[in-house]
Ligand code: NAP
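Below you will find one chain, with nothing else, as structure tokens; this is the form predicted on its own, and questions on how it binds or moves follow later.
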Amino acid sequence: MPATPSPPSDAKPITSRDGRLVVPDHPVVPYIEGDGTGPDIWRATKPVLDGAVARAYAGRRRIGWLRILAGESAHAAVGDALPPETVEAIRTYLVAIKGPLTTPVGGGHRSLNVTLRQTLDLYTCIRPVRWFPGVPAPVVSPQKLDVVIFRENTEDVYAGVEWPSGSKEATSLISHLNATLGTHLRDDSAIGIKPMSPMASKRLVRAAIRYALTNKRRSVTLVHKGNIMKFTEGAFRDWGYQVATEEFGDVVVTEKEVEDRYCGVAPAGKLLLNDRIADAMFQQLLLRPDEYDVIATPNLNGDYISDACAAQVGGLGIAPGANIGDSVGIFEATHGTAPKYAGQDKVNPGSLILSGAMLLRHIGWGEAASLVETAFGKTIAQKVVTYDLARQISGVEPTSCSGFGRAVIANMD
């Protein structure tokens, strides 16, 4: 097949005007099935999204799906794991949804996920994490965790600026640093660069604050390791406070202001801004999760924290995610490809289904998104679950990947 087939003839592209999406009733939405179990979970997810849209809008609206290629299928078809046509299609149609893509450890190609984020400047990774009643969880009170994580997507150690041990680049840089700046790096070290800029950090925190205000959330917490990395992660913290005070000073109050001026109680109608050291935050999210709401964090911290939070409420199988820039958004399953289960119609499609609900909400189709989320919760509560959850619930037989999707659709009626 070509790298980018033609979209349905009667579908129209989503456009943008004054920073807002303009969505036709029959929009083109590209999708990437993904590698490994990606095709399985997509086959379960697409009917759920189509069913929700049909029910919510009585057939007046529908999605014109456009398959685009990335990963193993793209390499097999056109010899390129991320064809330029795929990137251009996402840029043209402004939204897309994707399954997991293979990323080799050590050698091989760079992460396609990271490449997409950097190429399209999808600087905000958004991961809402909450518990659905009936989902087995390793903590006593999983319902106390309800956070939305904003992870900076383009900088930090994920920038990919690194050289292997013994390479001429690493050797040259080590020599320069030791001779010129007085460092004491070992000659055989591998070298990686951790860039963090005011622009990227501020726009991430700005997006988190705007989200919190729009969705009437209680607080935004900056998570960093600024006590050790003072000029990168410490600066992230400082830049975040600058954004809050300079751009949102009338509606945001800092934790210090609350202590100094309001006797420890945030005034009504104000968004609380605070910060936490990353390792302490892991403990806080276990012991006092209900004290946190929206979390803004550099790239690596956000990767760890979002997965750790997901583990508290049932795992990555039901954790949705999105990567969003100023104009383009990609919604994706947050788990890996699980190739040993590929083609078995077995794995949990929940992450992709809920990411699809995020996509629907992003384009303004909130009624359909709510149908998906409510029906998803009902299905879990009925103990209709795939093997990953069934093995944790006594006396429950697992349903298939596609069977779970059909159950969600049935619970929309």
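Start at 1 with the first residue shown and count on from there. For clarity, every value in this text was computed on a predicted model and none was experimentally measured.
Beyond what is shown, the protein has a form predicted together with the named molecule; the following relates to that form.
Which among 332-340, 88-96, 226-234, 179-187 is in contact with the named molecule in the predicted complex, heavy atoms within 4.5 angstroms?
Of the stretches listed, the one contacting the partner is 332-340.
In the predicted complex, do Pro100, Asn113 and Asn348 all reach within 4.5 Å of the named molecule through at least one heavy atom apiece?
Yes: Pro100, Asn113 and Asn348 each sit within 4.5 Å of the named molecule in the predicted complex.
Contact between Trp65 and the named molecule in the predicted complex at 4.5 Å, heavy atoms?
Contact with the named molecule, no.
So, in the predicted complex, is Asp388 in contact with the named molecule at a 4.5 angstroms heavy atom limit?
So Asp388 counts as contacting the named molecule.
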